[in-house]
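Okay, here we've got a single chain as C-alpha cells, the form predicted on its own, with questions on binding and movement later.
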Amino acid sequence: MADIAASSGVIGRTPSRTAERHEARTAWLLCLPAIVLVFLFILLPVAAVIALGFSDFELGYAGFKFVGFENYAELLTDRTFQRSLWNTMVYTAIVTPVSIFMALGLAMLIETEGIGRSFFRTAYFLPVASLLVAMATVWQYLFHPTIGPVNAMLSQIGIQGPNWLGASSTVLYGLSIIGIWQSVGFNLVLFLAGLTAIPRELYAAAEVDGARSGWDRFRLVTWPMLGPTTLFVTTISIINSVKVFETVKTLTEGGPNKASEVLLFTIYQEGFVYLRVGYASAMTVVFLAILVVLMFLQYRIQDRQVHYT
C-alpha cells in the first residue's frame, strides 16, 4: 500500500512539473521579441560604441586600428570637450530645479482650481507636444535684441535688454529659459497625477493633528506623499537636460565662441562633421557614464526619503 501511495504521489506531481515547464517555456517565447529588440537596439549599439571608443575609426576611411586609451587621454586636454561639459552642467543645474519647482507650484494651483482644470493641463502641455525646431524659431524672434518682445517689455521698466542668443554672457541663460518652458508642462502633468492620487483623508487627519496652515499640510502630507513622483520627475528632468541638443543646433550652433556648446552637440560635431567616429564614441561613453553616475547618486540620496504607498 505504501508503494502504491508513493507512486501515485509521483504521478500526481509529474503533470504539475510539466505544466510549470510549459508555462516557463511560453513565458520565454513571449519575452523573446522584446529581448531581441533590446539586444539589437540597446546592448549591441552600446557595445559597438564602447569598442569604437578604443579605435581611431573615421568615416570615409577603409581601415582603422585600436589605439587603447588615447581617445580618453585626449579628452583630458580637449578644451572644447571641457567647455561643453561645463556648459551642460550649468544648463542642467538651471533647468532641472527651476522646471521641477515651477511645475509643482503650477500643479498645486491647478489642482485647487475646479474650473478650467482641463484647459490649463492642455495649455501647459502644449510645449511638450509641439515641434521644438519650429518653436525655436519663435523663441529666436522673442529673444531678438531689437524687435523682440522680451527686450521690449524690459525697456518698458527701464532695463536694457541683452542680446540673449548672440552674447557669450547670456546665451546659456537664454537656452535655459527655453528648456524650462519645454520641461514645465511635462513635469506638471506628472505632478498633477501624483496630487490626484493623494487620499483626501490624510489632509483631514493632518488638520485634526494641528496642521492648520497650507504650509503645514504641504510639509506634512503633500510633499512626503509626492516622493515617488518627485523621484521620477527629477530623473526625467536631469536626463532631458543633459540631452539638450535641438535648441543649440537650431539657434546657436554652439556659439558665440562655444559659449553654448553642450556635450551632445560636441559629439555630433566630432562624429558627423569632423568624421572622427572613434573620438566621438569615447565622448559618448563618458556621456553615458555621467548619466549612470547621476542616476545612481540621485537614487542613493533621494530614494531614502521617498514614502511609497
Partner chain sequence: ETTLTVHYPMPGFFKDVMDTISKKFMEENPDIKIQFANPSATYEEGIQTIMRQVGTPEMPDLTFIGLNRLRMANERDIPVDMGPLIAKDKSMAEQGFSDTILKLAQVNGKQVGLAFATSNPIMYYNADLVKAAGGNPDNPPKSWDEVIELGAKIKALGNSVDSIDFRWQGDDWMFSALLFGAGGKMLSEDESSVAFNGLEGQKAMTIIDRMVKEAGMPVFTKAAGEQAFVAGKVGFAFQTTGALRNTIKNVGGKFDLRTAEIPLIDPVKGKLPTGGNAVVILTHDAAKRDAAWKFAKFAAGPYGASVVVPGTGYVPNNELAAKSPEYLGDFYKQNPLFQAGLKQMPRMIPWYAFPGANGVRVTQTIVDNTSRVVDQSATPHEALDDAADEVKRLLPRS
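For the two forms, the rigid core is made up of the largest set of C-alpha atoms that agree within 1.5 Å on superposition. Residue numbers count along the first chain shown, from 1. Just so we're clear, the structure is a prediction, and the values are computed from it rather than from any experiment.
Form predicted in complex with the partner chain: not shown, discussed below.
For the three residues G68, T96 and Y173, a heavy atom within 4.5 Å of the partner chain turns up in the predicted complex in no case. The partner chain is not shown here, but in the predicted complex it comes within 4.5 Å of a heavy atom of H144. Among residues of the shown chain, Y268 is one whose heavy atoms approach the partner chain to within 4.5 Å in the predicted complex. Residue contact with the partner chain in the predicted complex: L165 places a heavy atom within 4.5 Å of it. Within 4.5 Å of some heavy atom of the partner chain in the predicted complex lies at least one heavy atom of L275. Residues are counted as partner-facing when one of their heavy atoms sits within 4.5 Å of the partner chain in the predicted complex; in 55-87 these are E58, L59, G60, Y61, in sequence order. Relative to the superposed rigid core, G63 undergoes a CA displacement of at least 2 Å between the shown form and the other one.
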